[in-house]
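Take a look at this single chain in structure tokens; it is the form predicted on its own.
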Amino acid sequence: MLFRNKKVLGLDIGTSSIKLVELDVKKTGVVLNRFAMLQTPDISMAGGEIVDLQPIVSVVQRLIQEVKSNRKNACVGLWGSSVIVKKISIPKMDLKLVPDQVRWEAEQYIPFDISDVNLDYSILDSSKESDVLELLLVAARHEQILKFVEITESSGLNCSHLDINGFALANCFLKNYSVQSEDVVAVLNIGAQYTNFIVLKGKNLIFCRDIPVGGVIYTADVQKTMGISLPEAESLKLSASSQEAVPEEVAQVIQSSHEIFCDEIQGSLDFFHNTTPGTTVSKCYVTGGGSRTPGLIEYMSQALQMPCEPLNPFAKIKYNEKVFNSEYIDQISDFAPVVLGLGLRSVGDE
């Protein structure tokens, strides 16, 4: 189910915002026809996890009314600590035997009871010269899956596809950027509570992890330093991100918080390099609402010692100019990559 393809709406249920898109696929390319985004209700989240479904259902229903799409099937992205994606190698064997071998391997790698998860996999490398199969193993807890299915279907849609946000991010990147087979790039989608961190080698996704750090660390640091409420701190952070005038102290706090955030990213980057000998990330693309934090991308370039630049989800994906203008597209560009990637499942991307 995680890898199937069908003409769908893309539905991204995040900790800070919820997005819904409809993409139209033509021989000339992909066109964004409909897009809607609303804030995720605070009462529905706790500690970066969904705790109350009904407020989210109400928001999704409002999004459905706003986009006015005839489509009823939805591709929904999973994320967070209940989802594990791991690259593994198994002995080369008859492909009919792989599912049983994957289940056995999963018991060694997955930190959950195997009976509590759905398993899937994708074969990365099955070259004749090699005596092993390289796989991308995916495990998602039943409890998390059921939440997303219930939200989607209670909203009036059919949850025809379950995807992984990191995979959707890869889909969006590959649809917009041309890469060579030996290129190794990282893509970061910085959300409020989580950062989707993926590494691609050519067109193959070889690493995928959700890091439990995001824009909320800046809000918490502003709140703590200035002795104000969390909503006030969030408002100041957003004002700074929009380049509006804020107290100098806010800018200083944000600058010092960059180090904390980049330390977390560096840790995952080090883990990737240690577990994938001989493969070095040469460039990083950055997106997500958190990427708008003043000075972050520039700081990342220095801290990670590699070029970092904003990801443009509309480099090759076009938009219906009768529906959207360029100013609106600029406003949503950092929030759109994952939901666009989910919507791209309709074009057969793996």
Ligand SMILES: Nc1ncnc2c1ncn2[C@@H]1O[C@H](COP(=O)(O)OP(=O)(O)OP(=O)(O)O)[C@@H](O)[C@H]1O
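All values derive from a computational prediction rather than experimental measurement. Note that residue numbering follows the sequence shown and begins at 1.
Below: the form predicted together with the named molecule, not depicted.
Contact annotation: Pro313 falls outside 4.5 Å of the named molecule in the model of the complex, judged by heavy atom distances. Though the partner is left out of this view, Lys237 does reach within 4.5 Å of the named molecule in the model of the complex, counting heavy atoms only. Not displayed here, the named molecule is kept clear of Ile84 by more than 4.5 Å at the level of heavy atoms in the model of the complex. The named molecule is not drawn, but in the model of the complex it has no heavy atom within 4.5 Å of Gly166.
Stretch-level contact check against the named molecule in the model of the complex with heavy atoms at 4.5 Å: of 292 to 300, 26 to 34, 64 to 72, 51 to 59, the positive one is 292 to 300.
Contacts to the named molecule in the model of the complex (heavy atom within 4.5 Å) from stretch 171 to 204: Ile190, Gly191, Ala192, Gln193, Tyr194.
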